[in-house]
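Before any questions on binding or motion, here is one chain by itself as structure tokens, the form predicted on its own.
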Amino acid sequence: MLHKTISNLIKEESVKIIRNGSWGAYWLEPFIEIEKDGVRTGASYRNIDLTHLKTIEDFFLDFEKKNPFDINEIDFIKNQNRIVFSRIGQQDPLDINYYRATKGYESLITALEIGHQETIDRIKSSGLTGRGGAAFPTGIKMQTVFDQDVSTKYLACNADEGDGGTFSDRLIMESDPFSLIEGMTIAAYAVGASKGYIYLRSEYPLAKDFLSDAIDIALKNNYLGENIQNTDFNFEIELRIGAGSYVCGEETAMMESIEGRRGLVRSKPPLPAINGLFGKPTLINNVVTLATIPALLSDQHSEFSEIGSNKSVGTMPFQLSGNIKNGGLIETRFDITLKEMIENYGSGTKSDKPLHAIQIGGPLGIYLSSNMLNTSLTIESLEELKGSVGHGGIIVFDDSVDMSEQAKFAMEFCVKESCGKCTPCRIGSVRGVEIIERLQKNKASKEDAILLEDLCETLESTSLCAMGGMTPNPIHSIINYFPNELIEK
């Protein structure tokens, strides 16, 4: 709407409008940048009625009254370490000339020159782990698919970003789609895949439009299709749109959906890397993981690999939301603490009430209390707390939150989103809601406290996938870190 309003004001041919996508500073957006003589300045236009502006001159005068700023000099942006998200907000997301001018597709050319195994070896040496939650070494997964001696292999990009408070996949697809397409093409070449699927959630219609256009542009420029860049490598990408199922974010349920069936979880083994889509070896990664690959075959390899250690290597796009003043995407090192994240980037709670709880890793992630703000956001630190970085979502709550309701929400979420294939998830979550409702009325009930513990143990140990297996995580964390708010001890 803002773009349309400004378009209606502009009549002069000397003014050009570019929709450059989000910078990830959602607390500040939408804002408009004006570039003149190579200098860009911006002004925020949140919740502002522009209908009183009748001419472009009126708009320019109004713009100057808003104290124009340089977005790159705002601490929220300046203090980040943007490698994967370096292009977002900079230019038209579908301008392939801009993408190439910023070293886009150089990494694909490098991969085609050095060969399959060397490409995989560079991904291994980078230390990249999956950014979807499991944190499995990306290069090892690629090696497994490459080593399968079959002629047909597939690549599947999991873009079913269903966790509340997460939007890093969406930001890439809408603001830098060529980085995902290049990353997929490099990965496909490395493992020997000839076809790729992007499994996109239906709630992202704008991402669908950008990806569809970007795929067409890549085809026209011989970065997709047959004999890519005058080699014998052929690769095509097809968009598959989901139907609103959260569990299809689980890789085996996603494969069922891509193949045209109901999204039910498959038993493992076999692993998708050996027997995946249509019974063939399949490399499955999420959007951020694949969009990171081009940086690893460029001069950014060392910059990325020298940040962090163990599983927590490189940068991570954390997504800060909930009761927070400055919400948005922050790409930074893993070992940032919760305190740094919430105070330095988020600027505290939006309500100005005391911080009470922080949930990390999606709706089935653990809750940490306000006295745990020195926790580092590394994969290892959160695993020690029986949690996970997940997709990098961080949701903030002030002291008005009812933690017993948050515990019940975890079970209710499982009731709604379970695929129904396994009994612990399908039935156990319903019983879980009932037990928590009884505990809300009588926190001192030892019988229900023991029953909830037993139920959570059953879900963890016998569910087919992480949907049921992780449902107890937020409940355990509430019991452990928020004494007497669910169970009276």
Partner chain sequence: MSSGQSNTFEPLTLIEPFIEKKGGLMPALHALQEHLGYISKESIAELATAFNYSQAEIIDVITFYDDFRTKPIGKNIIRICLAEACQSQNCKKLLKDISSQLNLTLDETNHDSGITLKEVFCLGNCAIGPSVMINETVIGEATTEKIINHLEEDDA
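Positions refer to the first chain, counted from 1. All values reported here derive from a predicted model rather than from experimental measurement.
There is another form of the same protein, the form predicted together with the partner chain; it is not shown, and what comes next is about it.
Requested in this report: Determine which one of 101-109, 135-143, 218-226, 323-331 lies within 4.5 Å of the partner chain in the model of the complex, judging by heavy atom distances; exactly one does.
Outcome: Contact criterion met by 323-331 only.
Query raised in the report: Given that the partner is absent here, does residue 438 sit within 4.5 Å of the partner chain in the model of the complex, heavy atoms only?
Result: Result no; residue 438 lies far from the partner chain in the model of the complex.
Report task. Give a yes/no on whether residue 238 approaches the partner chain to within 4.5 Å in the model of the complex, heavy atoms considered. Result -> Within the cut-off, so yes.
Query - Distance check, residue 243 to the partner chain in the model of the complex, heavy atom within 4.5 Å - result: Looking in the model of the complex, residue contacts with the partner chain include residue 243, since a heavy atom lies within 4.5 Å.
Report task. May I ask you to state whether residue 363 is within 4.5 Å of the partner chain in the model of the complex, using heavy atom distances? Result -> Yes, residue 363 lies within 4.5 Å of the partner chain in the model of the complex.
Requested in this report: Sort through 397, 210, 318, 345 and report the residue having a heavy atom within 4.5 Å of the partner chain in the model of the complex.
Outcome: Checked against the cut-off, the match is 397.
Query raised in the report: Looking at 389, 296, 248, 358, which has any heavy atom no more than 4.5 Å from the partner chain in the model of the complex?
Result: Checking each option against the partner chain in the model of the complex, the one that comes within 4.5 Å is 248.
Query raised in the report: Do all of 121, 128 and 306 end up near the partner chain in the model of the complex, with near meaning a heavy atom within 4.5 Å?
Result: Per the other structure, none of 121, 128 and 306 touch the partner chain.
Query raised in the report: Taking the partner chain in the model of the complex, which residues along 253-272 bring a heavy atom to within 4.5 Å of it?
Result: 257, 258, 259, 260, 261, 262, 263, 264 sit within 4.5 Å of the partner.
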